[in-house]
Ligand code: SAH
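Before any questions on how it binds or moves, here is one chain, the form predicted on its own, in structure tokens.
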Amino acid sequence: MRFLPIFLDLHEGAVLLVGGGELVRAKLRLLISAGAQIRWFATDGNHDMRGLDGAGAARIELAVGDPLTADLGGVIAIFCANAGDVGVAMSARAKAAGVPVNVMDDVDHSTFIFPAIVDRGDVVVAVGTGGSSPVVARRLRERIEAMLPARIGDLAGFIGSFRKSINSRIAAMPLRRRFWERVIDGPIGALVLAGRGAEAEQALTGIADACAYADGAAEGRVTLVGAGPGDPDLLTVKALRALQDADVVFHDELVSPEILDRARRDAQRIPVGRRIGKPGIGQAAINRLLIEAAKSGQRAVRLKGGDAFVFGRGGEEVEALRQAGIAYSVVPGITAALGAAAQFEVPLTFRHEALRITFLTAHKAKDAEKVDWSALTDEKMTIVVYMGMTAAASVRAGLLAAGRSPQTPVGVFARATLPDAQAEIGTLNELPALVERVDRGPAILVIGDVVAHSAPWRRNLNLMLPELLEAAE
């Protein structure tokens, strides 16, 4: 290791910035975000500060003259970017004066280098490669940014605000460490990361005996996670973190093995969903398993296909957890309609053509019979039917009886976002036949003029075009 990572307090003095062009403005933005007082010598004579934060720009002194003769009193670091020979000369002067200097992309004339930075407020991660490959450093930074919760800095600040008061109540260092580990890993930390700081503060201040809390059993919690429509790459970053943090995963039958593989290797995986025609354990039993897992101190994930709050009974599970006093959080997922819309280029809304969307479920024919189809006849409304394959005939009958045109474009989109995804398109009158052509589910039905804008519809039209032209002749 040639370069020792350190964190420089830029509030202790001014920084001297030498150079011009867009490279210097990039450094200005970084230094402004760190709260630095900046003395800027523009080697090209252009002190252009457009695009810079107004309050931050007020901390910039626009210096004139020769930076090689500038007073270095109170200067804590020198930065040179796009400065040419002046940068090399400034390096020699800085080294003679004992002032840290960085000449951009010139390790030999630098006494420190700029790392790739992940900035999360009170949490800052610096990634360096000894100046040999900034691109590698940036790629590593991107990976780290994806891993870190957006509010990890808030969590660090939250702990910092209580640190002195807790340290005064817990004398022993090992016990103190266990206290903070339990805060970070438990419901209090989860509340902060979810943006519910006031609730987290209330929970922490409500701990009467800090030592007993530190020595107590781990607190469990439940995270409801939307697994999306099937493609594991469509999991959100937050969903991946929850899966990696889980002790046990209760998953639907339709959640793919590829998504389950994103969970922590030693996490227990328990199937609790059901497929059409096969009995499940029931919602009450699922609720009971979630509560029992949390009460035993486990971090449980309830993994659902699509989104937990779109025909996923997530609301029922939240109600059960709330009544049992269990800490919980919800991570949304990409619902099947959005996954299918993106894959097959179905604009669920379209200006002047489709102004509204209705999501409904028709698991069985009797479900379809209960729908008030008269409210769904507006031609500018897109209808998305979940679990509608077995009720396709009833869906068609209900809409036709209510007055929807039999020529309304319809799409049956099966296994959306997966490699074997399938689309069958036609008209409302053909809906049951379209479903018959689908190899297997799950599938959603999209009904409305927007289907005519989809990629499968355009492909079908192109295939039919020669026949139509021949018939016209």
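The first residue of the sequence shown is number 1, and the count goes up from there. This is a predicted model, so every value here is computed, not measured.
Another form, the form predicted together with this ligand, is not on view; read the next lines as being about it.
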Contact assignment for this ligand in the predicted complex, among 80, 336, 395, 224, heavy atom within 4.5 Å:
336
In the predicted complex, the one of 38, 446, 414, 434 near this ligand [non-hydrogen atom within 4.5 angstroms]
414
Give a yes or no for residue 312: in the predicted complex, does one of its heavy atoms lie within 4.5 Å of a heavy atom belonging to this ligand?
yes
Taking the shortest heavy atom distance, is residue 387 within 4.5 Å of this ligand in the predicted complex?
yes
Find out whether any non-hydrogen atom of residue 307 is located within 4.5 angstroms of this ligand in the predicted complex, and reply yes or no.
yes
Proximity of residue 442 to this ligand in the predicted complex, heavy atoms at 4.5 Å
yes
Hey, of 147 to 155, 284 to 292, 202 to 210, 328 to 336, which bit sits against this ligand in the predicted complex at 4.5 Å between non-hydrogen atoms?
328 to 336
This ligand in the predicted complex - contacting residues of 18 to 37, heavy atom within 4.5 Å
none
